[in-house]
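So this first bit is one chain, no partners, the form predicted alone, shown in structure tokens.
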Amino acid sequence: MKILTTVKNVVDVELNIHVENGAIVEEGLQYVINAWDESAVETAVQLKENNNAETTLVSVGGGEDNTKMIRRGYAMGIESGIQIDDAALAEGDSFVYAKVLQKVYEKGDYDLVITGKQAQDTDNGQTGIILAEYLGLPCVSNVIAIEVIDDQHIKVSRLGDAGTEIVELELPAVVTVDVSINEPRLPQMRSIMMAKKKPIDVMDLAALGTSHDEIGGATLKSEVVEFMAPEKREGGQKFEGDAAEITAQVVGLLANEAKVL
């Protein structure tokens, strides 16, 4: 089984992010591997360990941060990595990235594509599903478990609206995984050092056999118009005294100010 896993470089949402004039202030930002994608990497590595699968990691985007993500994937156990580095991809939407991933897939003839369910910067959750549509492959989203039946079939569990759903898929296929599928491992220092020496296949759009216009870069189907910071919450109210006094105060406020009683 050949597995292709995708990974995205996102802003560390644990930091304080500032918005000015409808744009995110870039100064001081740090970038990390998307949490859902890290679970996808761990899923691929576990399938490699338990089912002798071949694993490839792909990142769309240039720069040192994207390179670091691939090397982290190496340290976790991924065998090979592809970095799509092209200035034309500086602006893109889910359709553009899915089209790029389609070209990567077609060059590698993979059996299974594993993506994160969504990205923690946009929360869009569309790229993996659009990729499956472009490839004409079956797709299951929000997956929390994968079981290999044989070389041609897998069984997946997904979180549905009414509970856990069990789906059997014929390969090749695409799945998008939820963070609850596993707990990503922390690479050992030896693995981190070895990962620094492994080669990364860096490609641009021409090397993929495509162009900016062909992937839809000139006619984006969606765009970010403006970023807006959420309204700041007002400070809470602290009550002191014994339980009876506090209860009376809270009930009074709920009845007279909040009008919920």
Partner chain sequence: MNPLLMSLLIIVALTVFGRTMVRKIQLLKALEPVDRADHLKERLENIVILAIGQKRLVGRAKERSSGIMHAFIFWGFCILLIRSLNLYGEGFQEGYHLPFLGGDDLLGYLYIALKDIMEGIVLLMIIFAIFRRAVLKPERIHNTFEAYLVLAMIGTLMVSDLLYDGARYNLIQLYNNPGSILYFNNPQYGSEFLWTPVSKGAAALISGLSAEANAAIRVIMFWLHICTQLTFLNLLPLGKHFHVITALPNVFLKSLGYPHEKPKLLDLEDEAAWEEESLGINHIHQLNWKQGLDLYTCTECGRCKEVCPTYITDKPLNLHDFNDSLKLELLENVDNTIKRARLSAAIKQSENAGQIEKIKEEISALNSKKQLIGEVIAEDTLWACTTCRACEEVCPVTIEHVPRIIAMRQGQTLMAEAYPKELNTALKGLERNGNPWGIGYDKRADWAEGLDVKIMADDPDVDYLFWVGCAGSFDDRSKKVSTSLVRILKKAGISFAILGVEEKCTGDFARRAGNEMMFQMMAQENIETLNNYNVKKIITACPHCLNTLKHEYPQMGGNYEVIHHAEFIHRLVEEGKIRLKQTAEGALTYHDPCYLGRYNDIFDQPRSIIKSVSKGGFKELKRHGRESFCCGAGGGRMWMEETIGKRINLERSEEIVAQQVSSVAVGCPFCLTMIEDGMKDLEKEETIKTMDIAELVEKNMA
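Fair warning: this is a prediction, and the values are worked out from it, not measured in the lab. Note that the rigid core is defined as the largest set of C-alphas that superpose within 1.5 Å between two forms. Residue numbers count along the first chain shown, from 1.
Keep in mind the form predicted in complex with the partner chain is missing from the figure; the text below concerns it.
Contact annotation: Lys103 falls outside 4.5 Å of the partner chain in the predicted bound form, judged by heavy atom distances.
For the chain shown alone, Glu20 is not a contact residue for the partner chain in the predicted bound form, no non-hydrogen atom being within 4.5 angstroms. The closest heavy atom approach of Val32 to the partner chain in the predicted bound form falls within 4.5 Å.
When the partner chain is considered in the predicted bound form, Asp12 lines it closely, a heavy atom lying within 4.5 Å. Remark: of stretches 80 to 88, 178 to 186, 150 to 158, 106 to 114, the one touching the partner chain in the predicted bound form is 178 to 186 (heavy atom within 4.5 Å). Shown without its partner, the chain has Leu186, Pro187, Gln188, Met189, Arg190, Ser191, Ile192, Met193, Lys197 in segment 186 to 204 as residues with a non-hydrogen atom within 4.5 angstroms of the partner chain in the predicted bound form. Comparing the forms between this form and the one not shown, the C-alpha position of Glu240 differs by 2 angstroms or more, with the core used for superposition.
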